[in-house]
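Laid out below as structure tokens are two forms of one and the same protein chain, each shown alone and named structure 1 and structure 2.
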Structure 1
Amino acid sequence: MKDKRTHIIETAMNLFAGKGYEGTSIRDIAESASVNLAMVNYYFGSKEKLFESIVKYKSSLTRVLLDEILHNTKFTYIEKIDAVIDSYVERLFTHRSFHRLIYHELILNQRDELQTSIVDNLIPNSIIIKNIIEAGIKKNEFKKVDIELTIATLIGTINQMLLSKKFCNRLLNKELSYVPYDDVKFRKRVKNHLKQLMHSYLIN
């Protein structure tokens, strides 16, 4: 049996991701997690501290993955970019409810402290990508591009697909019941698109 604290965190994460922070009540969370209402405040102190616990619990994993790619000396720079794309698509599509939660919180301007902590957790990932592109330019493997906006394109394309299943399916002309994110073929398609895009944009 799982740790009760962890169980509450994971239940709350899925509810927050689907219904938003204000849209999810502590009673919702307690019922879904099959624990007493008061247990949530007993473990986390308050609703907002629960939210912060979720962010802390889930973060830092992505950074480790990207760091490995950055320091892998077997890769050329464009191969590193390819590896970043593979890693990002897999990670965001798999943990999509968490990432929806993060971007939902970012898009609102409430809870300044929490937003700062989210940005603090996201930016290091961007910096790793920045380092790769910068090094690629220095070694003349890459053209001189707008690095920051290239990162925005990379992450933004994936986020655009992640935003809403309904929008995604309408754009792709798929039926309503289709779940693109779990489809290996679709993941491959997104990876291929981003790789081709980056190859033609970055390489001399």
Structure 2
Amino acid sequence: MKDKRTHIIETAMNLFAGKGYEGTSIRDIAESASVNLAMVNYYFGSKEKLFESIVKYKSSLTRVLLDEILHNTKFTYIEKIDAVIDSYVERLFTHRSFHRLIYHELILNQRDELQTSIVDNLIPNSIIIKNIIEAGIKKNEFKKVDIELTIATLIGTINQMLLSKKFCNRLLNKELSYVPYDDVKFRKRVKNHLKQLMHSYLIN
């Protein structure tokens, strides 16, 4: 059974994803979570702190998966990159609404403290990917590449598909009613493309 704090976080995440940061109030969250306002304030203190807690919660779940990949001794380094790609596409496509909201906050830069918190929580996950690539280079499995821009290419490709469904559908020549992120074949297409890209670029 989930504890109250986790229940509030997951409820708030769904509301933020659907209504946006500005369109969601603490009262909305309390009502939707079936808890009183005082409990939300007790755990988080403010809407901004609650949003920060959600980002921390989501990024920590991803970090656990990435750590498992990093320390998996059965995988070669390119297999670790493949596993990272599978994980990122699945998680970001599944939770796309909240992921868009996070990047909306990063782009707008209206709340400096919140933006800093988002970056602080996302960067450690990128560092794990960096560690995988660095280790692959050290073991001579990978070429010497620009590691930071390689990570930006990997994550940036997924983000480009995610940030606008309309753009994605026009690019794919699909009807507006088509939802690419729920299409298993499209998810596989994105994964395969990124794997081919990384294999060609990284493997020595």
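Along the sequence of structure 1, residues get numbers from 1 upward. Everything quoted here is computed from the prediction, not taken from an experiment. In this text, the rigid core denotes the largest set of C-alpha atoms whose superposition between the two forms falls within 1.5 Å.
- Note that the form predicted on its own is the one shown as structure 2, not structure 1.
- Annotation: Cα of N169 displaced by less than 2 Å between the two structures, core superposition.
- After superposition on the rigid core, displacement of the C-alpha of V179 between the two structures stays below 2 Å.
- After superposition on the rigid core, the Cα atom of K19 is displaced by 2 Å or more between the two structures.
- Note on E31: its Cα is shifted 9.1 Å between the two structures, core used for superposition.
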